[in-house]
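Below you will find one chain, with nothing else, as structure tokens; this is the form predicted alone, and questions on how it binds or moves follow later.
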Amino acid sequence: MIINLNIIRSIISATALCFCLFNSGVTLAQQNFDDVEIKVLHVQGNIYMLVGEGGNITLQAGEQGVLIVDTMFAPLSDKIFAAIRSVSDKPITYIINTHGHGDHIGGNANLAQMGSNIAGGNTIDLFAAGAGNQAKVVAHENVMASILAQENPIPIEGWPTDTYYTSKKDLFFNGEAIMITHQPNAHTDGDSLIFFRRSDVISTGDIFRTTAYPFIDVANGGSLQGVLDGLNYILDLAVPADRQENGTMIIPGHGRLTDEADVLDYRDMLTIIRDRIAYRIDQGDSLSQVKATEPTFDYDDRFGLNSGTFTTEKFIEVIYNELSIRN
């Protein structure tokens, strides 16, 4: 696979910027989206990666239509639609949500209404929203519960119209089998991993990201063990081409395009940090004492955050509390 290095540099810069905004406490109303560009990168097979501000979008295009995974923020919908049109003139037929955070589902309503659905919808028909005239929105049922619990939820037209509650859901679209797997209590309690089997691409949502330590949303059912379980499942699915490089390509929730080697390094890093904190807990250390040992010190230059809603200190605290409960 040939990748333009200038595009990669632009993608890395854009994703770093959007992650800083997401973790800085800046509200959607305060953000300026005017200068945001949506970058399009062909991954392999039928799959493309769209990067702008918010979570990465995975795009599958073919004769039957367009399927996208996640939708970034609502103010970017017109730009996202233009980027989709640079790849395909077919209608948006499916939207799959990896979880319920606003930087991944904010554009649901706009982009769903820009699409069409050959089969119509189900859940949203109960609210008389005319799902047959818009793309079908697929998500785990806990995403729907999360939306309903929000003080200012996304518009009803963006709510999931096809929820699943089992361990997985399968689709066949554009000549490709698509496996949607629920990963319990990982980043949240509603995470889905999406595997495009023919193209050999995995879309991970925020279970995996290259820009920071994982944001473990404890209030919405997240846990470190769930993240590790999710990373191990990704590693089970991925097949490298040579020396752990290329082969199955992996699109993270935030950050650059990756492969199995990157996920392996990330999983090992989290395991090492977990074991360091577990050892200090076994020695009877308090949270402040654990923080004083700097259990993340050798990874902070790459993944650490000193400001925002989920700092490195908060990451350590979440792990400490989770491991303390187990003990």
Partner chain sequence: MSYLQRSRFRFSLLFILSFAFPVQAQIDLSGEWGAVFHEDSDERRPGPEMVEYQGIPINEAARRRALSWSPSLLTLPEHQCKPHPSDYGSRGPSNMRIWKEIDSESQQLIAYHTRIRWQAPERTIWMDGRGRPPEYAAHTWQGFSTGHWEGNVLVVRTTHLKQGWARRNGIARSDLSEFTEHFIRHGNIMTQVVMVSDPVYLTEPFIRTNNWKINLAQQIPPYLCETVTEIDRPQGEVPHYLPDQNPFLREHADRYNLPLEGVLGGAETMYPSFIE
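Quick caveat: nothing in here was measured; it's all calculated off a predicted structure. Positions refer to the first chain, counted from 1.
Absent from the display: the form predicted in complex with the partner chain. The rest refers to it.
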property	result
Tyr279, heavy atom within 4.5 angstroms of the partner chain in the predicted complex	yes
4.5 Å heavy atom contact, Asp285 and the partner chain in the predicted complex	no
Interface membership of Asp89, the partner chain in the predicted complex, 4.5 Å heavy atom rule	no
Contact label in the predicted complex: Gln244 to the partner chain, heavy atom within 4.5 Å	yes
Check all three, Leu59, Arg209 and Ile216, heavy atom within 4.5 Å of the partner chain in the predicted complex	no
Interface segment, criterion being heavy atoms within 4.5 Å of the partner chain in the predicted complex, picked from 146-154, 245-253, 81-89, 68-76	245-253
Contacts with the partner chain in the predicted complex - residues in 280-315 whose heavy atoms fall within 4.5 Å	Thr293, Glu294, Phe297, Asp298, Tyr299, Asp301, Arg302
